[in-house]
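A lone chain, given as structure tokens: the form predicted on its own.
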Amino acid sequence: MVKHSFSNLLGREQRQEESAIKALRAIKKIAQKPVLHFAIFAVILSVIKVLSEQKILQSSFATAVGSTIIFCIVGLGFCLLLGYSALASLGTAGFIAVGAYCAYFCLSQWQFTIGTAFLLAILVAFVVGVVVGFISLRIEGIYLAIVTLGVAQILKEAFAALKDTIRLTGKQITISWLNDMRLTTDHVYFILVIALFILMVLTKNLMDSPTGRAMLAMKNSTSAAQAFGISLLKYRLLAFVLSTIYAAIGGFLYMLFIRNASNSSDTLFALSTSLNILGAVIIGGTKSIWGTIGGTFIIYGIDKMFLQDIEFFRANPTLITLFCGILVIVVVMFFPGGLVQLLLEIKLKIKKLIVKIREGIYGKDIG
């Protein structure tokens, strides 16, 4: 009987150990899911706003983070265009203008609801993306970039002819189905965080899908992609449509958050915005979501969140531009995969160093 009890105890301990191992594996599997990482990032961004409301952080810091989130959304679309489709574009600023002006006219002039205005901005961006996508079928490389730059300039001048300075007020931004609730910039900040989280998830799923692999095949070799039955028309149109829609969403949210823009004095619709988005994606990594987010925070976030509070950088605002330019050159020359590639190489070297240290202590036979 003692022997039977002892065997039961061993069996119970073995089952408990197996259950613990299964639980650890399940936790590890969940922890490796990108969605969880995106959710943690969204929570961190939300906490920044909460801390600013509690006066622990300056409100200007949260505002800088919010505006950077907008450009992160735009950068995600450009990541799909450049990193996954190898299509060069300098028309990002014009596509941002599509969303910004749709927000202004729909909410201020035509008294549409936010939902209707948003859908109209998506529709207009879709049409523009299709037009530019068809152009990309005939023109490639630097000539495509020049053409998209021309499209952006046409959009900018056309919008300026309609209204040079656009401005929204709190009374114009309401949600009718919530008892005409007026959206403050505090509300819009959390909308920005939610929008970024959703688009990060959608972008990740697209990258890992057959569509993403088809885009990569088209990037590596158009001839090989066509030989395997991949339609250049379909995927180039899709890449430009998605990039344009992401940029329009960014412009739409910009008007909800910042609430004013000018064609004559702001740089939002200028070539510099297109170049900055290009630089952000290159610095971070053209095929990486986290690289794009990190590159955007380097280009747009560091200056607004930290350096503007330092007198030296306020007196010399061009230094951050000089730094970003040098960083782009260094990344292109030594790390074509962006800072993500650099971090991966550092991580690999650290792992090798740890293995060598363990081998030195325990011997090569000890894993």
Partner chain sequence: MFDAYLSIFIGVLPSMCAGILATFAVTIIFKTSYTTNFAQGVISALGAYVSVEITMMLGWPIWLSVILGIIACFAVGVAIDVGIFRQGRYVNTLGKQIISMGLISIIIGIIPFIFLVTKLEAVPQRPFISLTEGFKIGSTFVQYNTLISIGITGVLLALVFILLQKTKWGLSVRATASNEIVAGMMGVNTRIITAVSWGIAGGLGAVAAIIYVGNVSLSSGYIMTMTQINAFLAGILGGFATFYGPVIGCAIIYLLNALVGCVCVHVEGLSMWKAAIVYLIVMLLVLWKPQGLFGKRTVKKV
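Think of the rigid core as the biggest set of C-alphas that the two forms share within 1.5 Å after superposition. Numbering follows the first chain given and starts at 1. Fair warning: this is a prediction, and the values are worked out from it, not measured in the lab.
Another form exists, predicted together with its partner chain; not displayed. Remarks below refer to it.
Participant: With the partner left out here, check for me: in the predicted bound form, does some heavy atom of L149 sit within 4.5 Å of its partner chain?
Facilitator: Although its partner chain is absent here, L149 would touch it in the predicted bound form, with heavy atoms inside 4.5 Å.
Participant: Give a yes/no on whether Q153 approaches its partner chain to within 4.5 Å in the predicted bound form, heavy atoms considered.
Facilitator: Yes, Q153 lies within 4.5 Å of its partner chain in the predicted bound form.
Participant: Might I40 be said to contact its partner chain in the predicted bound form, defining contact as any heavy atom within 4.5 Å?
Facilitator: Outside the cut-off, so no.
Participant: Quick one: is Y143 in contact with its partner chain in the predicted bound form, heavy atoms, 4.5 Å cut-off?
Facilitator: Residue-level check for Y143: yes, a contact with its partner chain.
Participant: For the three residues L343, K356 and E359, verify that every one has a non-hydrogen atom within 4.5 Å of its partner chain in the predicted bound form; reply yes or no.
Facilitator: Checking in the predicted bound form: none of L343, K356 and E359 is within 4.5 Å of its partner chain.
Participant: Looking at L199, L268, L238, A88, which is the one with a non-hydrogen atom within 4.5 Å of its partner chain in the predicted bound form?
Facilitator: By the 4.5 Å heavy-atom cutoff, the listed residue in contact is A88.
Participant: Just one of I114, L82, A214, V193 has a heavy atom within 4.5 angstroms of its partner chain in the predicted bound form, so which one?
Facilitator: Only one option qualifies, and that one is L82.
Participant: Given that the partner is absent here, state which listed stretch (278-286, 119-127, 200-208, 293-301) has heavy atoms within 4.5 Å of its partner chain in the predicted bound form.
Facilitator: Checking each option against the 4.5 Å cut-off leaves 278-286.
Participant: Which of the residues spanning 302-341 lie within 4.5 Å of its partner chain in the predicted bound form, based on heavy atoms?
Facilitator: Read in sequence order, the residues that approach its partner chain (within 4.5 Å, in the predicted bound form) are N316, T318, L319, T321, L322, G325, I326, V328, I329, V332, M333.
Participant: Would you say R314 moves its Cα by 2 Å or more between the shown form and the other one, aligning on the core?
Facilitator: It does, since the R314 C-alpha is displaced 2 Å or more between the shown form and the other one after the core fit.
Participant: After superposition on the rigid core, does the Cα atom of I40 shift by at least 2 Å between the shown form and the other one?
Facilitator: Not so; I40 is displaced by less than 2 Å.
Participant: Comparing between the shown form and the other one on the rigid core: C-alpha of I326 shifted by 2 Å or more?
Facilitator: Yes, I326 moves 2 Å or more.
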